[in-house]
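The data below hold one chain only, encoded as C-alpha cells and taken in the form predicted alone.
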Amino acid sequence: MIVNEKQQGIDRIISLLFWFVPLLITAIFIWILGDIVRGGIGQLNWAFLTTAPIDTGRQGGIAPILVSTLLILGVCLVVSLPIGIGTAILLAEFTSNSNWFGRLVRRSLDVLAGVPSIVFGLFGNAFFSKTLGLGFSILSGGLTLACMVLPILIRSTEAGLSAVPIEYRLSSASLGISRTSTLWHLLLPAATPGLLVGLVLGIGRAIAETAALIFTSGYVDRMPTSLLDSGRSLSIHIFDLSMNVTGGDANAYGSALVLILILLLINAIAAWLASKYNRSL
C-alpha cells in the first residue's frame, strides 16, 4: 500500500513535469511574440510594405528588403530541393545502412547540420563570392543558404522514405510496377510529411539567417534588379536597425513582425499540404 502511494506520488510529479515543460516553452513563445507584436504592430501598414527605407532605415518601408529576402529564399529552394530529394532517395532506396558510402554521407550530413552559420558564411564568401566571382550578391547568399539547408532537408526526407512500410515496395514489385514508378507515385507521396518537415525547418533557418548572409548577399538596401545584385535580407535589416542605427527600433520591430508572419504563413501552408497528402493516402 505504501509502495503504491509512493509510486503514485512519483507518477504525479513526472506528469507535472511533462505538462510544465511544454507550458513553459509555450509561455516563452507567447511572451516573445507578444513583445514583437506590441512593438511592431504600429508600423505594419501598406506603405511600410511597399516603400523603400529612408534615412538608413529609420523611416520608410521594407519593399527592397522583402524582395531581396524572397529572391534569396527562392534561389535557396530551387537549388536545395532537387539535390536534397535526390540525395535522400539515393540514401533511403539505393544505399543500405551497412554500405560504407552511405555511412560516410550520413555522418557528413550530421556534422554539417551542426556547423555554425558563420562558418557557412565564410565558405560562401570564399567559394561563391570570390572563387566563382559572384561577389556580394543574392545568388551568393541563396547558394550559401542552400548548403545550410541541405543536411536538414536530406535527413528528414530520408527518414520519411525509410518510414514507408516495406509492404508498399513489395506489393508494387509483385504487380510488376517499375521501381521508378513506385518511387514517384507511391513512396514520395507517402514521405511528403517528412519532406515538408525538413523544408519548413530549412526555410526557418534560412529566412532568419544573418551571419552567413552578411558575408555573401551584403548590406545594400536598394531594390535588386538581378540575382547578381547585392541584397539585404530581413534578418540583416533587423540586426542593422537594432545594433547600428540610433532610433531604428520601431522599424526593427515592424520588420521582425513581418518576418514572423512569413514564417507562420509558411508553416501553415506546410501543415495544410501535409494534411492534404495524408487524406489522399
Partner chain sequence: MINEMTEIQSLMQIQQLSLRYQQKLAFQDITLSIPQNSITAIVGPSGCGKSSFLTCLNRLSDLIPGCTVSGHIQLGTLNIRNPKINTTALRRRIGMIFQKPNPFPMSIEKNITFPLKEHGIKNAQERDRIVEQVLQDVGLWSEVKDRLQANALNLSGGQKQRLCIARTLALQPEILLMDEPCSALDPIASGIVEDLIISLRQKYNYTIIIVTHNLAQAKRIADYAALFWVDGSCGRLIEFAPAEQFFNAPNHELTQAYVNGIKG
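Positions refer to the first chain, counted from 1. Everything numeric here is computed off the predicted structure, so don't read it as measured data.
Only in words, not in the display: the form predicted together with its partner chain, which the text now covers.
Chemist: Looking at A126, L170, A163, V115, which is the one with a non-hydrogen atom within 4.5 Å of its partner chain in the predicted complex?
Modeler: Contact with its partner chain in the predicted complex is made by L170 alone.
Chemist: Contact between H185 and its partner chain in the predicted complex at 4.5 Å, heavy atoms?
Modeler: Contact with its partner chain, yes.
Chemist: Please check if I177 has a heavy atom lying within 4.5 Å of any heavy atom of its partner chain in the predicted complex.
Modeler: I177: contacts its partner chain in the predicted complex.
Chemist: With a 4.5 Å heavy atom cut-off, would you call S181 a contact of its partner chain in the predicted complex?
Modeler: S181: yes, in contact with its partner chain in the predicted complex.
Chemist: Which of 201-209, 82-90, 185-193, 155-163 has heavy atoms within 4.5 Å of its partner chain in the predicted complex?
Modeler: Among the listed stretches, the partner-contacting one is 185-193.
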